[in-house]
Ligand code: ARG
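Before any questions on how it binds or moves, here is one chain, the form predicted on its own, in structure tokens.
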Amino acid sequence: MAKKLWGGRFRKKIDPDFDKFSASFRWDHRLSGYDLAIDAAHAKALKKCGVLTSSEAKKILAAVASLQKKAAAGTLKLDKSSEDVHSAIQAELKKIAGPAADKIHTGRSRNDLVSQSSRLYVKDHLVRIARLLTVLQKEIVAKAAQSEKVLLPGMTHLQPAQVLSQAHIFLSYVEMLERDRLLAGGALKLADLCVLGSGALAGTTYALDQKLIARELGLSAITRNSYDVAGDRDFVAAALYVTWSIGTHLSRIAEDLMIGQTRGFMTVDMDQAFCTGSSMMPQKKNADFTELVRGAAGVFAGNFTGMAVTLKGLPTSYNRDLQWDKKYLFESVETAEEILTIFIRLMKTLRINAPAAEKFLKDESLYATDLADYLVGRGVPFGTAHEQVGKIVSFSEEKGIAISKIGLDLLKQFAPKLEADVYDLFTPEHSVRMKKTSGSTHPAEIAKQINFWKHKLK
């Protein structure tokens, strides 16, 4: 068992069950690479301020390099009974560097060490998540370009509403994911901070060159307040919020795809590679990946909420409650990366069923808003036009007659301003071309949006 970093004051052994419960190695072993990078930077700072001799620093740096090489090869074995990854790494350093390794913890606490290694983890993984989001956006833009001319009913309240291009729906997904990329960028800034030299809360008595440490670790700034960073986990909460947002957006996209692939719609076809069958019903093709994505949104929400509630109950500075941040952080970040990786392949293989989409355009209530706008163009106030068209739709449904098949004389009884050209309205192509605003489903606007995203995501 790795030696505790704090045991000198204690005469009694720690309760074994409490020892197991309080250990964080089962989570923070993921931080070993960051811990080693910190050790290398800290050793250089300790040498510069005279704590380490050149010989001692050389031994420690050689030991760190040896462990980093093993980590890169996947052969680094740490003592799983260690209290945390920091204790485990220090024990390994001592095996190689000898007594010199006992000096590596000079001028630092596990408080600033765990904060710094967690920040490096968050920074790296947010960059990775942002890249995955970009790749997913590219795949969706490609699907939009393929489906510009596929028209189908857009829905509100899960009811057919107005005619849209399928590309317009895909492009809405790109917008959602872009907000996630912006959130990831903001969260990354909170993590991009050197906190080493803060000690437990008050700073250290050693003249550590914090700017040197920051440069070594690729960090852009050093902390202004050691007391604040001891208990700051806003960067963790921000990263968890990013995963919550991604999880929520992917859940909504997954729900769209699940509805689209049901027997009643069949407008999308998910590749079998992302589906499973039934152990009882041979005919089943279940969209299990999208269901798991939808369920994972609850994991992201739960972890973000858990972190937020933990922080709410704490005084400032460090408290051991903060150890739970690892469980929340690692699960959410790594699950998000896994889901995004698979979602990219799902979108690449997704197929749109244009004939099935066209079938739903036979519902002429989709053109009700166009009809009301037509009346407005002939001087009818919109409120009046809305009521008149509502009566026409109701009549059509009651009689089982398509609006375009109702005679003009009869239509005029509901809306006197209607003329013979009203029948030109009842085509999906005309409907989308009526839209005039930026960001609309007009074909020219769709092409403009696709072109914008292709250039932005290069």
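Just so you know, these numbers come straight off a predicted model, no measurement behind them. Residues carry their position along the shown sequence, with the first being 1.
FYI, the form predicted together with arginine (ARG) isn't displayed, but the following is about it.
Peer 1: Name the single residue among 138, 110, 386, 181 that comes within 4.5 Å of arginine (ARG) in the predicted bound form, judging by heavy atoms.
Peer 2: Partner contact (heavy atom, 4.5 Å) among the options: 110.
Peer 1: Could you work out which of 251, 90, 134, 323 is the residue within 4.5 angstroms of arginine (ARG) in the predicted bound form, going by heavy atoms?
Peer 2: The residue in contact is 323.
Peer 1: 24, 28 and 318 - do all three of these have some heavy atom no more than 4.5 Å from arginine (ARG) in the predicted bound form?
Peer 2: The answer is yes: all three residues contact the partner (heavy atom, 4.5 Å cut-off).
Peer 1: In the predicted bound form, does residue 114 come within 4.5 Å of arginine (ARG), counting heavy atoms only?
Peer 2: Output for residue 114 is yes: heavy atoms within 4.5 Å of arginine (ARG).
Peer 1: Can you tell me whether residue 84 touches arginine (ARG)? I mean in the predicted bound form, with a 4.5 angstroms heavy atom cut-off.
Peer 2: Yes, residue 84 sits close enough to arginine (ARG) in the predicted bound form that at least one of its heavy atoms falls within 4.5 Å.
Peer 1: Residues in which of 349-357, 292-300, 95-103, 323-331 have heavy atoms within 4.5 Å of arginine (ARG) in the predicted bound form?
Peer 2: Stretch 323-331 is the one.
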